[in-house]
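First, one chain by itself in structure tokens, the form predicted alone.
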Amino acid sequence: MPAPIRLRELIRTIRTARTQAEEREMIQKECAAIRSSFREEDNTYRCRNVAKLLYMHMLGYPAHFGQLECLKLIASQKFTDKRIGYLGAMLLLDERQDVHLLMTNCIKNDLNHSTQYVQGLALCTLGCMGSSEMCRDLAGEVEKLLKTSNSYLRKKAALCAVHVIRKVPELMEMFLPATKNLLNEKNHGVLHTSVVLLTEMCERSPDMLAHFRKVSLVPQLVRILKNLIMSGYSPEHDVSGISDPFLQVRILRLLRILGRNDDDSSEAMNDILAQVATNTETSKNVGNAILYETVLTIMDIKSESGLRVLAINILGRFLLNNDKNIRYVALTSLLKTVQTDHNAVQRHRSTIVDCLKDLDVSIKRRAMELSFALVNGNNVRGMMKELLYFLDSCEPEFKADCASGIFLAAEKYAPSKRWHIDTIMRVLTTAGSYVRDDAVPNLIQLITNSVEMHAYTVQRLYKAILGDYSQQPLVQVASWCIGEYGDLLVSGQCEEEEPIQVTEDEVLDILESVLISNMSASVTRGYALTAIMKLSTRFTCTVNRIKKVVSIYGSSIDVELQQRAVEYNALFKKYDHMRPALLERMPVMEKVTTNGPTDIVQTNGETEPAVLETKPPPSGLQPASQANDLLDLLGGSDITPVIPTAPTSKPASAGGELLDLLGDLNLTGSPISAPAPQIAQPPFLLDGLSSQPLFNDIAAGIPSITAYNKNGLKIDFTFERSNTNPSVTVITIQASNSTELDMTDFVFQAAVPKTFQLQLLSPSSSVIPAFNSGTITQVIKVLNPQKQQLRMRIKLTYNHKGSAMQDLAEVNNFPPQSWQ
């Protein structure tokens, strides 16, 4: 049989192929020749054939038939054969194939070989594809080589030990004695791999981390890092004028792990971190990499305040770099630190705002998120001006997040109500179609509460929608305001700016144009029709025209619009004496941020969610349960808060006949307090609290569940049954946070179907600590008299990394023991 062609000739031949089919034909022909050679047990050219097979494997062609040939080469005594055999094993074999177990004995023999290069091949192969079984069998040999004086073998053994620890963590202690002298080695290769090994051990075992802190590992690392910084030019390790930046980065990462949550270790490394931060050259990317790792280390350990300011200033310099990747990294890092070092980050506000004009969308998004995190009461006017300018010019994918952020910032830091209203209107004018669903009711509530601004607001909104109905949320708010305050618009009572002269007919013309516009959505038409109806009590000269418009829409093909028109027609004809009372101006709606109670408020035909102020009940009445204000999370008709409350007095009004229907509706939430003995409480969750224990001592047979697990937030439910009432299930929620930053302002809300009653007690805290270092607990009591399967919808809101987060979820996997 003629000698097969060499690898070099095969590569040259394949590269001459003009088409994919031609290349495939060449490969198939050569594979057939290689198979024939393997069948004939041709030992002479086996090494050459396997090398060619590996090249074909790199091109993406199947080469699995060469696996056993690799084992034969490994068993050979020739170094050239072993080299190709081990390379083939690393490329063609993995732990999913049983063939790799046949290598174990060969690797063991080669680990004890007299030639260091053969030992190195075996270490590389074991560290690359060794399975857990192989690692258990060969860990002892690796540990011996880790103690040898040969630097070439020690660096390879250290990396192999890292693989062994990842596969079999319980073998970690075997390598502990060998790590004592690793950092005393002068060879940079051994130092580098030793630091990698120590990092792996510290990350995987808290016990190892505590041990290395005790044995003063930090001073050793500080000494090595200081020598690297202070050493002169070394051609062997120099990269762009910096001595061994790879080793420096690895040491900084290990220092970060050792200093995290440890005062003594952090104190020991403060000085060297300051030296690295001030002495590292920033003109080359290599220096920037070291500085970035230094910043991460400073921010993660318990460092001094001056050192943290230095780190943030380094990130500020990164923002001025021409490299987009460096700017992006700086923005991301500043976003993580803005909560803990707000004032230091504020110094770079102008640079961050300039990044909003960057052409790169990733940088633009990070700059937008960081800009919102920097907004406070002192800079809100300037920051909002920049962000509104950004909203005008940014791409459509940014508008929704930007508008949402402006709404939240304006609500939190608004210097005046007029500024707040102007800002929200500017957003609606610019990006109305991108705003959240709650933007309209929130703005309406803001306007309602700003009594002195009614005339100014309705005039501004009237001018904003003249001839332009493209921004539907703006048109909806304008329609509502014109309906409420149309009399102020016509009378020209605006004092904040020059009043405009508008007649009643001109106002109705605008609303009728909204009704017939092709751009108007069904909801917008509903707002406009309701506004026209309200104006029948504000205007005096156009009531007949309003009656005509309303009667026309009594036959509309839009069912919602038709129903409104029919009802309004009935008010004109049958209940005209009640119309002024029903359509009177909305009262001021109180709103405060609380830990839960939210309700639905009816505003003359428009349903709007609003958080109600929690007020103490009148004297003599039993405080209502917190669950009375429970939010219907998804608006479903089968989910309501069902805990009974004490009736309130009925309001007296000209429209008393209709308002009597609402007499027993309690629209103000009340916090849970001690039971008042003078008023009888309906039998519910707290019955018999003082007479016997509320919960079973043993919650046997009721397993816990994970109700929610997303974005680092985990919610677990545990269950107990009440001794006083078998129909009551007591659920304890535990919220934990696995991310690197705390979650603040955490609010948990829940809703259940009508057949259940639910009581939500106060949480233990509103902050969930990072790294699972603590939990929030909260108790839910559910009364299930019909023993039906329990279902629950939950709503989670919290602040994380400078952003307001909100999510909804449905829990349907309650264990049967919790409700049967």
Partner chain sequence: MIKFFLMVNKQGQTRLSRYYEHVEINKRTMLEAEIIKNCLSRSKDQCSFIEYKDFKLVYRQYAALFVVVGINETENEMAVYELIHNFVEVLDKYFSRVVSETLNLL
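Bear in mind that the values here come from a model prediction, so they are computed numbers and not experimental data. Numbering follows the first chain given and starts at 1.
The same protein has a further form, the form predicted together with its partner chain, not shown here; the description that follows concerns it.
Of the candidate stretches 465-473, 420-428, 282-290, 442-450, only 282-290 has residues with heavy atoms within 4.5 Å of its partner chain in the model of the complex.
Interface residue remark: Arg15 is counted as part of the site for its partner chain in the model of the complex, having a heavy atom within 4.5 Å. Among residues of the shown chain, Phe771 is not one whose heavy atoms approach its partner chain to within 4.5 Å in the model of the complex. Among heavy atoms of Asp360, some come within 4.5 Å of its partner chain in the model of the complex. Using a 4.5 angstroms limit between non-hydrogen atoms, Arg250 touches its partner chain in the model of the complex. The partner is absent here; in the model of the complex, the one residue of Tyr45, Phe38, Tyr61, Phe65 having a heavy atom within 4.5 Å of its partner chain is Tyr61. Think of it this way: in the model of the complex, its partner chain has a heavy atom of just one of Val239, Val168, Leu408, Ile705 within 4.5 Å, and the residue is Val239. For the candidate spot formed by His57, Asp94 and Arg366, every residue has a non-hydrogen atom within 4.5 angstroms of its partner chain in the model of the complex. No residues of 781-814 lie near its partner chain in the model of the complex, the criterion being any heavy atom within 4.5 Å.
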